[in-house]
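Single chain ahead, written as structure tokens, the form predicted alone.
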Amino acid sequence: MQETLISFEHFTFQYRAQSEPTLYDINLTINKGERVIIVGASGCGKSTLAHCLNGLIPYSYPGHSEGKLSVCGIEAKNSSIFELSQFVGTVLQDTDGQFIGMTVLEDIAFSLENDCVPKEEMLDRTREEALKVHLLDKMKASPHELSGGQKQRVSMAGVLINRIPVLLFDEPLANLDPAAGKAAVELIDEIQKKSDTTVIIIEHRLEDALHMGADRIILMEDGRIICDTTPSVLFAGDRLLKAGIREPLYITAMKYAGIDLKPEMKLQRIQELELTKEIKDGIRSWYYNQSPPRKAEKSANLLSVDELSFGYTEEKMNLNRIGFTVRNGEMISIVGKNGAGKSTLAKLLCGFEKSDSGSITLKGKEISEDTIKERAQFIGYVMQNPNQMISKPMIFDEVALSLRVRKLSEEDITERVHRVLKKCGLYEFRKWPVSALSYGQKKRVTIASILVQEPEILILDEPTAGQDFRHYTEFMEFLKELNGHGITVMMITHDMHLMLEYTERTFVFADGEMIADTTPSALFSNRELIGRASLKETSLFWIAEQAEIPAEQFIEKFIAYDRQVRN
């Protein structure tokens, strides 16, 4: 008989500041050694459920609860946040907000130091955990100087060192490039197998999270658990789509091809899926019946970059002789591994950093010497971390800030702010404090604060990180609408779905160089390029290979058909 570690019995929770409960009548049991993925639209209660497990509720977020919650045999309401932390270790989405130590060693050893563990034992255990997460050579480095994947591994080691029975991950893949995300999932898989730890993952990138496999997927909607079943059973139906959650692409492709999916087909992971002759024939038939998508007409040049080079230090060039031309009204994705130079390029274009050499030309005018303020009239930039952009306590005031600086009338400001908040899915929160929002919602606030200025070029760094499929789609359709009205959009992204669905051109970066200017479908048909840029093959490529049809054309037709279905 399996040992139960977590048990919710008719559990309801209502925040002190809310008029209605956020969680309703939750009944859930999680056993030792299980791998559980929790999915649902933003605001469905996923994070609240997690906060109940790790003690942040009610100790950091007060409210009223009914029913029963026990964690490793301890009644949660009668314990403390410290006591619960001995059983549930949490790795946050924003790893920078979790660091305590000045070095990796200090950060990993923090809890042992608090427990007054002898120095020799503390160092031995710290090295042991650093070895598990492949960070032994980074012990003296500052956590803030590491890549996104390395930062996450530091956080993992910091909770693993206490040898806790439950690992809770909140959006572990949101800020990682595809290859780093795959490595993170594989590391979680490795740790779980060796320690028999119970793993709970809250994640929007469901297909990527399933790379390690899962025993169950828990689907939440409006504070309730509406489905708790195996991945194969869930994928054979349409519950995910109805709840606004993206299915794995290989599942969607087979459904488009008219294939009747059944749980016994091993749908849970593409590594286990067997494409029978019937399935391959169905995919081939669908492919040959689809017309090639129409190519967009080329427009006039808007932005030109020539031989652009830059280094934060004299010893290392972070960007080396970058060159490209952006046409008016394009929608471009910029991809590559963490640290490849993508965000540095955006800072150079906006004037936050000054290039060492090369030129930037906007509408025929050299702007390399223009100030940040001068460039801001034409180029808007939304940073990856929303906490670095927000300066006002209230949502409305944050979005309205730039318009008030420009001294627009309050009537015009209100109209423009409300219009943008509606498009960004934030209108109902317009009178809320920013601090009450989730990470993904804060991201949308920062995007709205730039969009309200109506720039000609919009550069977004990870625009959809932390957003569920429904809000992702609403927001991307809004960007597409803006793009249709002539605004040029450049998106730095790790989201390969975004790149495939919404951009017809992509710049590929690796180690400070731009190694390709191509189409998304061509990129994902090139294994060498994928490897150099630390990306990950899409499951559509695998299906095309198995069905023996041209991968690039199959991906193009899938994208076009998917847009047609969803619109």
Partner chain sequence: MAAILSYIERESVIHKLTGTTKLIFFIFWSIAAMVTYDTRVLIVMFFTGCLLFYVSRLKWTEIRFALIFMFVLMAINMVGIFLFSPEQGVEIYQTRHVLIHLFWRYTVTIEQLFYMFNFMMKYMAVIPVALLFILATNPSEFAASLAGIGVNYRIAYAVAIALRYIPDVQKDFREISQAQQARGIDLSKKDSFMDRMKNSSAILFPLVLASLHRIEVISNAMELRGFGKMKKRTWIVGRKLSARDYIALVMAVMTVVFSMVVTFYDGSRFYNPFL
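Numbering follows the first chain given and starts at 1. Definition used throughout: the rigid core is the maximal C-alpha set that superposes within 1.5 Å between two forms. The structure displayed is predicted, hence computed values, not measured ones.
The form predicted in complex with its partner chain is left out here; the points below concern that form.
Contact check for S299: every heavy atom lies farther than 4.5 Å from its partner chain in the predicted complex. Though the partner is left out of this view, L131 does not reach within 4.5 Å of its partner chain in the predicted complex, counting heavy atoms only. Contact check for D115: a non-hydrogen atom falls within 4.5 Å of its partner chain in the predicted complex. Under a 4.5 angstroms non-hydrogen atom cutoff, its partner chain in the predicted complex has M383 among its neighbouring residues. No residue of the trio F8, S47 and G63 has any heavy atom within 4.5 Å of its partner chain in the predicted complex.
Checked against its partner chain in the predicted complex, the candidates L56, A522, L28, I515 yield a single residue with a heavy atom inside 4.5 Å, and that residue is L56.
A heavy atom within 4.5 Å of its partner chain in the predicted complex is found for one listed residue only; from I74, L136, I390, L261, this is I390. Heavy atoms within 4.5 Å of its partner chain in the predicted complex are found in exactly one of 473-481, 248-256, 322-330, 99-107, that being 99-107.
Applying a 4.5 Å heavy atom cutoff to its partner chain in the predicted complex picks out F352, E353, I372, K373, A376 from 349-377, in order along the sequence. Relative to the superposed rigid core, D260 undergoes a CA displacement smaller than 2 Å between the shown form and the other one. When the rigid core is held fixed, the Cα atom of S449 travels 2 angstroms or more between the shown form and the other one. Relative to the superposed rigid core, the position of the CA of L401 differs between the shown form and the other one by 2 Å or more.
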